[in-house]
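As a starting point, one isolated chain is supplied in structure tokens, in the form predicted on its own.
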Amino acid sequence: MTASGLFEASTPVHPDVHLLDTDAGPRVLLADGSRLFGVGQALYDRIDAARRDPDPRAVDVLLADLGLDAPRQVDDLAPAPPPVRALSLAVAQKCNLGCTYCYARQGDFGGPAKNMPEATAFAAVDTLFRDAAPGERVNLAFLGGEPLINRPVVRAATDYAVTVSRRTGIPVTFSITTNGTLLTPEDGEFFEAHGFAVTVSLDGVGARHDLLRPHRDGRGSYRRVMDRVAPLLAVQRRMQVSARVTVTPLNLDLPRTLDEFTAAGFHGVGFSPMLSSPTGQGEMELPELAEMLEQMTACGEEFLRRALAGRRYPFTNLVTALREIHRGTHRPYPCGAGAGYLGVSADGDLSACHRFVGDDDGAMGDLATGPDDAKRARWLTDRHVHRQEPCSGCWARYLCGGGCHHEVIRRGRPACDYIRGWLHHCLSVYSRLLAARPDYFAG
């Protein structure tokens, strides 16, 4: 289906019901609870008529008649701020690359370049484990800037977290996002030993990447990144090495990029449209988002072909979406930002997530005094999807959660058509894959 076809097919008609005509037969998605049903054509037509009925009660009456009414699983009440169980540490607010679109303003977040002291990193680890109960787990992430500029603190904080984990019995997992230029084989050994999820920022193949992610002197970085990441790809077992591609109008070559990085051995490859940059440079508009959607769905169809043949294809966007659909994931937020997940600046200030480091809009306290629960409560109230527009009238609101908080606060919601079109495609792929290979979702 073309992007225009997907835009039309996914246009909201009713906030609580969405219909799909798939190769596996008609499907109906009930937004509340993200419940997806296969239905006959006659029932499909009845639901379609009800969602278009000017009587706002028509859908509720029909669902009650079908026995599909139920108490709302997402209400208007924001949850109380939960315990913080994931932290991202901006261990280096500096970077050796000059990516013009970077939300961190080329690594320093608009302030002086700095490294996080070891004591601050250890205090963050203590905050992460504080009051954690048996059965819980915590995650420690390292970001920047470029975190490997401050490699000693990455390693020291990891070792300290392992020590605390063994003492408390609370499992800890680790992740790092890096531009890849400073990776060493020894890093690979360390990340493998601790089971890191390693995300490497790669914005396409060859010259396309070099255009978007140059060194500060203008030299390209692609060849250096691929040479540096190769030893990690060769030894990954506990460690998982993935590529993250920021998509701008200059690197719309997704199928080739996915195939190249798959062949290189990346565990996963994910794409994210550039929706908000400090300068506006590289931001995607609707025509580019339409082109991206067509390329994303082409990747999705290739994933389906390989999955039906029993072959792996590490298209992270779709793999994640299929898992969430199968679980019936429904949420009033797009992520855990400001809730169970916070960012930590090099100075020890807490923020809603790694993108809000040094930004008053997402300030959430500091390590010395602890998370500011009053600010977190206001955040969770204000950012609830029921208080976002046009989200309240959209069938995809509990799958999308309203979009990245940082991007929405900075630019609004220019990508709603793209997001709905992509989710419509994911629901179609899920329906077809479940019908043809139900064993794919076993376990």
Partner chain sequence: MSDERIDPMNLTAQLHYSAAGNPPSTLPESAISNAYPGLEFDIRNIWRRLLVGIELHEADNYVVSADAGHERLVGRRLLTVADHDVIGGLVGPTRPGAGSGPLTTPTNPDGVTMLEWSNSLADVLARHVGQAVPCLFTSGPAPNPVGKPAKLPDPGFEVVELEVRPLFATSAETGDPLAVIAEEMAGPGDLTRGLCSPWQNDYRECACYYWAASRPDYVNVEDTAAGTTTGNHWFAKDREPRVYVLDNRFDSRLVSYDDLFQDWQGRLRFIVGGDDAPEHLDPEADGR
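Residue numbers count along the first chain shown, from 1. Because the structure is predicted, anything quoted here is derived from the model rather than measured.
Note that the form predicted together with the partner chain isn't included here; everything after this is about it.
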Worksheet item: Looking in the predicted complex, is the partner chain within 4.5 Å of a heavy atom from each of 36, 42 and 330?
Response: yes
Worksheet, complete the sentence: Partner contact check in the predicted complex: of 229-237, 277-285, 318-326, 250-258, the stretch with a heavy atom within 4.5 Å of the partner chain is 318-326
Worksheet, complete the sentence: Note: exactly one of 377, 66, 409, 58 sits with a heavy atom within 4.5 Å of the partner chain in the predicted complex, namely 66
Discussion item. Between 71, 206, 79, 110, only one gets a heavy atom within 4.5 angstroms of the partner chain in the predicted complex; which residue is that?
Written reply: 71
Discussion item. When the contact criterion is heavy atoms within 4.5 Å, does residue 386 count as touching the partner chain in the predicted complex?
Written reply: no
Worksheet item: Does residue 27 make contact with the partner chain in the predicted complex, using a 4.5 Å heavy atom cut-off?
Response: yes
Item to complete: Report whether the minimum heavy atom distance between residue 422 and the partner chain in the predicted complex is within 4.5 Å.
Response: no
Worksheet item: Applying a 4.5 Å heavy atom distance criterion, does residue 434 contact the partner chain in the predicted complex?
Response: yes
